[in-house]
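Just one chain is shown here, as structure tokens, and it is the form predicted on its own.
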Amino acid sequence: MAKTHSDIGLVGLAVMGQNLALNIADHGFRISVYNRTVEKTDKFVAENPNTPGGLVGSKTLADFVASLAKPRKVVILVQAGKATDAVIDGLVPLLAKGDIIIDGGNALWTDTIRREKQLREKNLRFIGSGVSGGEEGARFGPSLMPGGEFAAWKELQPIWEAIAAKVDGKTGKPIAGAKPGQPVSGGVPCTTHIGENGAGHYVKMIHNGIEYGDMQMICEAYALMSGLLGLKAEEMGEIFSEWNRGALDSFLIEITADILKQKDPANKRKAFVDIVLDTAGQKGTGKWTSTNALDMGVPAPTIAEAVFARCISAIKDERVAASKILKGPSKKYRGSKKALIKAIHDALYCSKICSYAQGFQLMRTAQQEYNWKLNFGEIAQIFRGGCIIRAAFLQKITEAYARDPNLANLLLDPYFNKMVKQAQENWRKVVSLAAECGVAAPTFSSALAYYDSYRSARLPANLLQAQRDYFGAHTYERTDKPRGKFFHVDWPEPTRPQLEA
């Protein structure tokens, strides 16, 4: 018997919206779609007439809402911010008690908390769901991070689990082979209920911050192989392909190998990467992660350095001018090529551990701040497929939290502790060489400083706090007294040099 109403609806038919709608329809769900430009809706439906679930186009928002089965489920995939609020404002008068709005955009988690509260007061339910994996992920299986009322999640769960990427339950490796109309069968879906209100969008933000770190670390490995060893792009592409068969197996390492092997379409004699201008863009989620780390007092220097690296890349003209004035060291690397490549591999892996440790510490603090109950093992699990940071490495994080759900820091897990012990000599060698030879390696360096700070029972902050007490009477604690008792020294006025008349 044919369905008279759609299982779910989607507003916003840009590329991500179209691909997610097709993914839903391919899994047998009837989906209504709406775009403020009617021609776009009509064209999309006409071009995809034979999906298993079926696409239903609507010319007005009222017709769109009327086409949905109750409780209505409406996915919004429009630009974050004011555009999302505008769509919600348009939907609210048309919806009824218990209906669910799902924001699948890259929303700021505090906006999601606000929207969930406002809609709850109107007897509507709101889910803020991170959607990771880009256009291809949306089409064939993303990683989905929904946050909101648990009962609302249970309504959405069958659809979200069906369309999410799937991984092997034992190995954590993505299950490949999804094609239009032929969904992946079996495996563990890369989605789970993250927590209340803004938890899903918060975790998506942390995912993006980690993604910034991963990408910059790979770029530093590339810069070191190029700057210290003089390797050509294609040679480095082969090295990254080899790395992708080992501990660094990941989507980003895989695509890096492909990029480095790619020839310039306009000049087949040149490597594509060599003709790409060295100015990187950003959409802001990495900055949100770093700002949030500062606000909560959680050290996340490696993620922040990845953001700053993009910022300094953007001032291209200044850098070109500075390169003609500012000089660096003349030292060249004269050692073993094979040994240095192995050392760079180890530096990348150790830095990656520290970057993920920072991201998970941020989530650990946020759950206390916002009264969420986050399952870090499950979060690592849903990152294993569909998303940009998907990697074999995440299986190790899943296992770490299975061993200890209350793990304070990934560096304290036996596996990661062992890996850093084995590789840190190479890590230190690479950071030292980068400084000696004048190759910028901000994430490698900051990750090492983070590791050395975290493992230090005593830091020079004792002197810093004494300085604060001297100039601002900020008080200090004593090593020979219980924590929580504060003292102050009645310091003399500092001697100031006399200015000549």
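In this text, all values refer to a predicted model and were calculated from it rather than measured experimentally. Residue numbers here begin at 1 and follow the sequence given.
What follows is about the form predicted together with a small molecule, which we do not show.
**Student:** Among G134, G377, P71, P174, which has any heavy atom within 4.5 Å of the small molecule in the predicted complex?
**Tutor:** If I apply the 4.5 Å criterion carefully, the residue I get is G134.
**Student:** Using a 4.5 Å cut on heavy atoms, which of G104, G209, G148, G141 is close to the small molecule in the predicted complex?
**Tutor:** None of the others qualify; the residue that does is G104.
**Student:** Sort through 416 to 424, 73 to 81, 254 to 262, 320 to 328 and report the only stretch with a non-hydrogen atom within 4.5 Å of the small molecule in the predicted complex.
**Tutor:** Selected stretch: 73 to 81.
**Student:** So in the predicted complex, is the small molecule close enough to V87 to count as touching (4.5 Å, heavy atoms)?
**Tutor:** Yes, V87 is a contact residue.
**Student:** Does the small molecule come within 4.5 Å of any heavy atom of M16 in the predicted complex?
**Tutor:** Judged by the heavy-atom cut-off of 4.5 Å, M16 is in contact with the small molecule in the predicted complex.
**Student:** Flag S456 as yes or no: does it have a non-hydrogen atom within 4.5 angstroms of any non-hydrogen atom of the small molecule in the predicted complex?
**Tutor:** Result no; S456 lies far from the small molecule in the predicted complex.
**Student:** N35: heavy atom within 4.5 Å of the small molecule in the predicted complex?
**Tutor:** Close contact exists here: in the predicted complex, N35 approaches the small molecule to within 4.5 Å, heavy atoms only.
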